[in-house]
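Next up: a single chain in structure tokens, the form predicted on its own.
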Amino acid sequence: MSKPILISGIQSSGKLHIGNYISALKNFVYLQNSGRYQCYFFIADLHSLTSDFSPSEKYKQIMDIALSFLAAGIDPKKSTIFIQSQIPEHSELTWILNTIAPFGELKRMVQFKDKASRQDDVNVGLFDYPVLQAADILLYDAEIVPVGEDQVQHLELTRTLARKFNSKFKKIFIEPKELLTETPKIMSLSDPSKKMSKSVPETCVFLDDSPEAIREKIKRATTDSGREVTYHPETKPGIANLIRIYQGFSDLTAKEIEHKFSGVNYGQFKKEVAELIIESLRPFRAKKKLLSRKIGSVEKIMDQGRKKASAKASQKMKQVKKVLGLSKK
């Protein structure tokens, strides 16, 4: 019996930060090495076009994600790694799903409302983002999708579209299940009520930041009243965020971290958090630097992944077209 297919992707919209590392990259490696799934991990460059970008920087961003995938430990011998835009079936299936996508449900998408409220010029791509996301999943017969709570609504739409297509035409799509990740949610260093975002660089620790920059950013991180290193997200959100960061790199529980730093003041705790990040990322940074000198080899790995993903996607689209009456075969 074959293992269930698991799929996930990361947008190529700028440098990755420690929140991406803890919640995505580290988790991808764990899922890959669990041996329970056939893993497909892709660089979501089509999704990244919905926000402002520089064409001259786009390919560099794509390859930076590829380097980060490999440096983090995603193994092309164990997982299929590919670039979304190199598989034209993603766009093709999106259009077909658009013809059955409920307009009202797309309007209710929380992430669309949130992003639209922060953009002056809202594009249709941003609105249609969840349909492309559904195509990303359904194209590969994925049964499992690792998501955070903020992505559950999108996955529910994916299931809705699969159900509608199966009911209207023929049952060919699998309704995927979410795999809710238990990874800590990393927040902004200056405002722990908001997620860490690359759009505010000074409040965000990037994976490529120098040790000095990491120490300085953590040193300036918002803390709370009191002196105890205790995990109380509602009353001490700043310290709770730093505990979550420590948790993400140490795999200790919040309680174990509280015990470890009992009697330690905020300043010393911040130093410990910074040094843990620096030491934890040292192998990642060294491997990424080495891989960056062999960019041709990395591109070959991406091409191998493209071929594997393309074979699966092409097979599915032939099935879709036949069911729709767009082809005889």
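On a predicted model such as this, the values are computed, not experimentally measured, just so you know. Numbering starts at 1 and follows the sequence shown.
Keep in mind that the form predicted together with ligand TRP is missing from the display, and what follows is about it.
In the model of the complex, at least one heavy atom of residue 11 sits within 4.5 Å of a heavy atom of ligand TRP.
A residue is said to contact a partner when one of its heavy atoms sits within 4.5 Å of a partner heavy atom; residue 165 fails this definition for ligand TRP in the model of the complex, lying far away. Ligand TRP is not shown here, and in the model of the complex it never comes within 4.5 Å of any heavy atom of residue 206. Interface membership of residue 137, defined by any non-hydrogen atom within 4.5 Å of ligand TRP in the model of the complex, is confirmed. Taking 183, 133, 85, 80 one by one, only a single residue has any non-hydrogen atom within 4.5 Å of ligand TRP in the model of the complex, and it is 133.
Think of it this way: in the model of the complex, ligand TRP has a heavy atom of just one of 71, 147, 109, 218 within 4.5 Å, and the residue is 147.
Figure note: of the listed segments 275 to 283, 259 to 267, 39 to 47, 52 to 60, the one touching ligand TRP in the model of the complex, with heavy atoms no more than 4.5 Å away, is 39 to 47.
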